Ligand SMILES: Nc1ncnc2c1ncn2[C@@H]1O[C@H](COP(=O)(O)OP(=O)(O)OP(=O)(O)O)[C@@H](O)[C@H]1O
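One chain is shown next in structure tokens, namely the form predicted on its own.
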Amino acid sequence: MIVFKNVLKRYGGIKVLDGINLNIQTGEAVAIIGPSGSGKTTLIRTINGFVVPDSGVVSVNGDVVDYSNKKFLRNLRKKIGMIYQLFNLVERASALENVLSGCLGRHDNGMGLLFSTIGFFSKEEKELAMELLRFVGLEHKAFERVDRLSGGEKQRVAIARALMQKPDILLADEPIANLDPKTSKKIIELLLRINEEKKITLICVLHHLETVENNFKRIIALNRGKIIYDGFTSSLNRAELLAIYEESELCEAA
């Protein structure tokens, strides 16, 4: 379970997170929505320690996140996979090498290791990486350079890399923002399949309401750093949408 208690974060005097109280159950799939600048990305980055709150408490699986303890954060991040809008892959490396890099955090040498050769990795790690590429439908692209892949293929490589960590939690920050509608649908379906089959908690920051309404049971909506809706997607009405988005943004978000 992930728990927020009175979490506050300011940037330049502006409250980006303003007294967040929130529970996310283990194994749940949740969509976080809201206009640009509402605090969505800041919220999920407090979970893996990439953002340090000014006050309040975040706990993950019963452990209070100690943002000042580097060892604690390293251990925490081993169990939290992150999927980015811009993929964050090494373009000159192969799909397989990128996926294998997902397990580097489990090694004592950490992410500072270069992976110019897959010889560093064990047979078991290579087999797992190939299994994950097969899971995301890219086994046939294993030895192809990432810069030759499409946007959807890159995101699937990034998802396989995150799964290489054997995470308990997946944080996806606008994972379909740079993809066409058809590819976006496939990526969301893949993430939800991972949530269902692997029982991994999924927290997905999204901007397109139609995608959220068609795929997620629970929505958490932010505006100006506050949670203004937390409930079933099916119960969200137009009045509540207007409270989430400015009138000028409603059409874009829908």
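Don't overthink the numbering: it's just position in the shown sequence, from 1. This is a predicted model, so every value here is computed, not measured.
Here the subject shifts to the form predicted together with the named molecule, a form of this protein not shown in this document.
Can you tell me if D168 lies within 4.5 angstroms of the named molecule in the model of the complex, counting non-hydrogen atoms only? So D168 does not count as contacting the named molecule.
Is V16 a contact residue for the named molecule in the model of the complex, using a 4.5 Å heavy atom cut-off? So V16 counts as contacting the named molecule.
Should S36 be classed as touching the named molecule in the model of the complex when contacts are defined as heavy atoms within 4.5 Å? Output for S36 is yes: heavy atoms within 4.5 Å of the named molecule.
Even though the partner isn't displayed, in the model of the complex is E153 close enough to the named molecule, meaning a heavy atom within 4.5 Å? Flag for E153 set to no.
Contact residue in the model of the complex, from T41, N195, N48, N215 (heavy atom within 4.5 Å of the named molecule): Residue within 4.5 Å of the partner: T41.
Segment assignment from 65-73, 182-190, 28-36, 196-204: heavy atom within 4.5 Å of the named molecule in the model of the complex: It is 28-36 that comes within 4.5 Å of the partner.
Residues within stretch 156-191 having a non-hydrogen atom within 4.5 Å of the named molecule in the model of the complex: Heavy-atom contacts to the named molecule in the model of the complex: only E174.
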